[in-house]
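One chain comes next, on its own, written as structure tokens: the form predicted alone.
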Amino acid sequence: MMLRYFLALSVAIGTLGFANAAAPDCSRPYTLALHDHGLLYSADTDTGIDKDVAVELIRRSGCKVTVSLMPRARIWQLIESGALDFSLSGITDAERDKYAAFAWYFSDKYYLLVRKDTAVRHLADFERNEKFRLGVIRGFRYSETANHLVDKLQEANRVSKAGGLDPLYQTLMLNLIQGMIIEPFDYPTLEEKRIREATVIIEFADPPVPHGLIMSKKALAQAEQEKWRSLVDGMRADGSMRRIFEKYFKPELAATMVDF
């Protein structure tokens, strides 16, 4: 069944072997939102890393969790207000730290994908040329250098925003934007011959950025946040997280992403 609106998942923990004292409080149902983003989650196929993580996390918690699909910008709004309990693959910054807590489960790097016909070979080349526009996903933040580029070009009105990856690739191929920021999750799209032949990748000189389970501080008390964080840590410790990532990446790349 395609996850276009919501999917309610619940499971008993009796056979899981977790101590009741450490288990999350399941006295109320929870909400978790996925966002459509490459290998993290595809609404077309109802598959992805974040869906697999959600299913396993829900199984281990024993709680009833309603899973929905939302744009990333909307997810952050609801996390801040407390109307949404969880999301996945989130990164933090000073503003988000005020209203969200995190349980890290992978780390990766960001890259600038640019059209070959721009002749851009360095980030500074893209930044200097006032004709070049950058495409980003609405509600996304990236690594330090990438964020600096986005913010500077935003001030110059050189940023175009979209709700997801597909519209950005389309505008890139139409030359309405000349660059966009990508992650390893976006590589399958790059296998499309016309995109691969028309673009080059430039690496941001930043360390990998931790991504994790997003928890609303308004919706979950700190003690409950710790219980959910322990479940995520357990998935990393027992190899479950790596096995999920190995479904989508070569083992050596999966290892670098989850072992940090």
Partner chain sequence: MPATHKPGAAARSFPLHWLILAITLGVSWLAWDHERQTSSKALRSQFDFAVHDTVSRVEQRMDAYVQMLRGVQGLLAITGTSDRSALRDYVHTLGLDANFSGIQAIGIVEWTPAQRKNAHVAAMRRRGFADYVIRPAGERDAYAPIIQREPYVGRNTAAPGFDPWSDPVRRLAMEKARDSGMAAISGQIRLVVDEDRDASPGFIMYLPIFVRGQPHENVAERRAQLVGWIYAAFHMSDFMASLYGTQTPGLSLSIFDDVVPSDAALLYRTAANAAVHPGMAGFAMNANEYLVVAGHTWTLSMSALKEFETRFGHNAETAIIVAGTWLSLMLSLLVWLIGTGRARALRLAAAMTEELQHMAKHDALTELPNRALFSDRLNNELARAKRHGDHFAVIFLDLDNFKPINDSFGHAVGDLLLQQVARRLQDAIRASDTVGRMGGDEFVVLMPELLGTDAALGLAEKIRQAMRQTFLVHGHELVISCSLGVAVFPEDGTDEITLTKNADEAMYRAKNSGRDNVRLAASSNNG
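Positions refer to the first chain, counted from 1. Quantities reported herein were computed from a predicted structural model and do not represent experimental measurements.
Although it is not shown, the form predicted in complex with its partner chain is what the next lines describe.
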Query raised in the report: Can you say which of 123-131, 87-95, 165-173, 101-109 gets within 4.5 Å of its partner chain in the predicted bound form, counting heavy atoms only?
Result: 165-173
Query raised in the report: Using heavy atoms and a 4.5 Å limit, would one call L69 a contact residue for its partner chain in the predicted bound form?
Result: yes
Query raised in the report: Does the 4.5 Å heavy atom contact test between E155 and its partner chain in the predicted bound form come out positive?
Result: yes
Query raised in the report: Using heavy atoms and a 4.5 Å limit, would one call H148 a contact residue for its partner chain in the predicted bound form?
Result: no
**Report entry** its partner chain contact in the predicted bound form: S160, any heavy atom under 4.5 Å
**Finding:** yes
Report task. Select from the listed residues I195, I202, A43, A221 the one whose heavy atoms reach within 4.5 Å of its partner chain in the predicted bound form. Result -> A43
